[in-house]
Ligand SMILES: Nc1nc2c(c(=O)[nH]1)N[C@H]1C(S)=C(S)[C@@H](COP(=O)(O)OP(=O)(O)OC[C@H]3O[C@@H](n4cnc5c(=O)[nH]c(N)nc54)[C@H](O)[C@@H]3O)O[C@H]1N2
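Next up: just one chain, as structure tokens, the form predicted alone.
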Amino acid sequence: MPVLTPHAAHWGYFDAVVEDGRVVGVRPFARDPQPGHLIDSVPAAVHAPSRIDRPYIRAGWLRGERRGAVRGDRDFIPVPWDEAIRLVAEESARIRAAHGHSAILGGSYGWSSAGRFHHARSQLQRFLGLGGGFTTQVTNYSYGAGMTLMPHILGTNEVLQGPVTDWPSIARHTKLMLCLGGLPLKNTLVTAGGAGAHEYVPWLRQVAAAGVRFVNISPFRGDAPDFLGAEWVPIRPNTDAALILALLHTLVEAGLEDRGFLATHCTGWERLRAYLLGEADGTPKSAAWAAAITEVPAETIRALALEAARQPTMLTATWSLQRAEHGEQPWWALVALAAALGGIGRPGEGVAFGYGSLNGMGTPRRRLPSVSLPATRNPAGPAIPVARVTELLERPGAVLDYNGRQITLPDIRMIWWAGGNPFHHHQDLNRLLRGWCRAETIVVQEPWWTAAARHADIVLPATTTLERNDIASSSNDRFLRAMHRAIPPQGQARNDHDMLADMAEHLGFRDRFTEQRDEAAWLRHLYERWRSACERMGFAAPGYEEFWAAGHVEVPPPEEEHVLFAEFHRDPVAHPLATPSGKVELYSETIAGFGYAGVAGHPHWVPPAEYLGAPLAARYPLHLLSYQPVTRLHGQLDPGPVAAASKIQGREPLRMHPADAAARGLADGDILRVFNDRGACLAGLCVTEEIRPGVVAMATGAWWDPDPETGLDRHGNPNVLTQDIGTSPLGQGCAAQSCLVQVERFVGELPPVSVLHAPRPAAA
């Protein structure tokens, strides 16, 4: 008889259907109003042929081929666990003794597990911190530039992480919602830490039924679902800052800016106003000026500005908007537009980022903590922005400017990655690989043979979530989920905690790492910490035994609508923002004082080096947008049937306008070579009028599969094409969306995709 086991993933809660020690199906959580389809790939992923069956070590590493060695995927020798544990422990001790603690890069960026105890990054960084320290990473790929900017401007990151003004407030008060980057549904399939309730679509339907008018300002019509009836403004990519500045100029020109709010709640308006009017540079940032840059008609820009001034308006932008060169500027400009409209802190008005970027944004929720493993201090201290990993590896001893600081880059001798795949998240993968190979030793803990594992020296097979007990928890969801182990560990896979505990024993700090708790004791401990915190905040959660038996806890929704910055709006003196002035900083003396080239003290327009208005567009006339896929989470579930069904002859689809396809003699379903100076990949053509001319789009997450002779990615990973630069010295975020390419029909025999199967081991 099948056994149902309660479980969770970032793409939703479910019951695993288990027969004869295998996961054979899934059933969505009964309380989920709109469960996603990604859970259907869980059984295939758990039992995929790309699972790592036992520990492996690269033969060249054993021969002494270390720094500068070429890592490949056909040079692995299987070894016993005790040998792998001993070698990793001894190597980490050697690196620390010879080169210092900062010579170890503790990577592991990524959505490794919805479970909070067996969260690979947390486990690894706890181990490395207790071992003496390591070089770590700050911010993230999703909204790293905005994450650095917003504390300067609004004093908080709640405006992009939540809780933001909720959907009930928008439904009751908003009349117009301007959505830069749209409100895409695909992103709301996922929640970091798991979701018991996918409530984004039901709430969005309620808001639409309340009569809110939506405007989708995006190169892709599909970034707003059809049921919104949104007006589509097909803007040229990377020109949003110019559009917003022109909206501001129109308000000033018409005398419609909220001068009272600007005087009492903001600082720096007069300096920004002078820039808008062209007093500083002789160029008024008018609608006509912006039309030439954005290819949005001047009359459309004026009409949107005047409409926003006449009625309650909510402004939003997706996280992806700031993943571009000078990506801080459109977000800063959007805050300025919200300030000029006087809406910051009013019900259903103001600004927030990410409504269409993650499930749970805007959903009513109580302010309670999530379950988490206690943080461990990192004594070594060095921390770099996560998107500057390649620069870290390439330039030891160099100085990196970031957010007013100068960071001296350490000399990385050992890379240790767990629960993530940098060859998914990072840009310019060929350049990353060159930097990656400068390390002496690379250790990867992974369930699957991802590109990170294939380019490692020591590969340690980790369990999937279905092979261990855990607790799923997210501050963006009102449920807490017990994750019961469904099946035994596959092959010789082990939990990250257990393998690291054994290494800690070799190094003399096992008891400090484990705190003398096993898995069951840790889960009880973490739950009771959460329960005590909830009790202090007015919510009485059940005891651990009751929770574990029931399989979930539900937190009731709040009774009142949440309006971001409401207290500040009512009384900016009694409730100031956490900025130097206590106000919205339309001009930041702090940022201006950094003296960075291309970064002013207020939002401004800076043309990117790669966009359709740049000289480079003569050689590479298509702007490539890389987006979060609808068929998987980043690279997770790529081996599953949902992702496979979307591919064209096994290649990732590329969207293109019919006019661009016709100009190149291409037809729907053709296999394309997509290329620029950084690299090339294959893709399957999807012709659609939903995308504007001059723009093409590919989802990220197809596992990187480079041809060993030519470097051509045979699978369709757009990050072989994206440029690896920081957004600016201020935010140093990911700038993947500033990318120009050309395409042509692929000629010749189509090479097979090999990355979804395990590599062939080397002879021992």
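Computed from a predicted structure; not experimentally measured. Counting begins at 1, following the sequence as shown.
Although not depicted, the form predicted in complex with the ligand is the subject of the following passage.
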Does the ligand, in the predicted complex, lie within 4.5 angstroms of each residue among 301, 586 and 726, using heavy atoms as the measure?
no
Can you pick out, from 635, 360, 196, 385, the residue that has a heavy atom within 4.5 Å of the ligand in the predicted complex?
635
Option touching the ligand, based on a heavy atom within 4.5 Å in the predicted complex, out of 269, 319, 416, 76
319
Since only the chain is shown here, I'm wondering whether residue 425 would be in contact with the ligand in the predicted complex (any heavy atom pair within 4.5 Å).
yes
Any chance residue 522 has a heavy atom within 4.5 Å of the ligand in the predicted complex?
no
Using a 4.5 angstroms cut-off on non-hydrogen atoms, would residue 700 count as touching the ligand in the predicted complex?
yes
For residue 112, is any heavy atom within 4.5 Å of the ligand in the predicted complex, or not?
yes
Any idea which of 503 to 511, 540 to 548, 565 to 573, 174 to 182 reaches within 4.5 Å of the ligand in the predicted complex, heavy atoms considered?
174 to 182
Out of 475 to 510, which residues reach within 4.5 Å of the ligand in the predicted complex, heavy atoms considered?
496
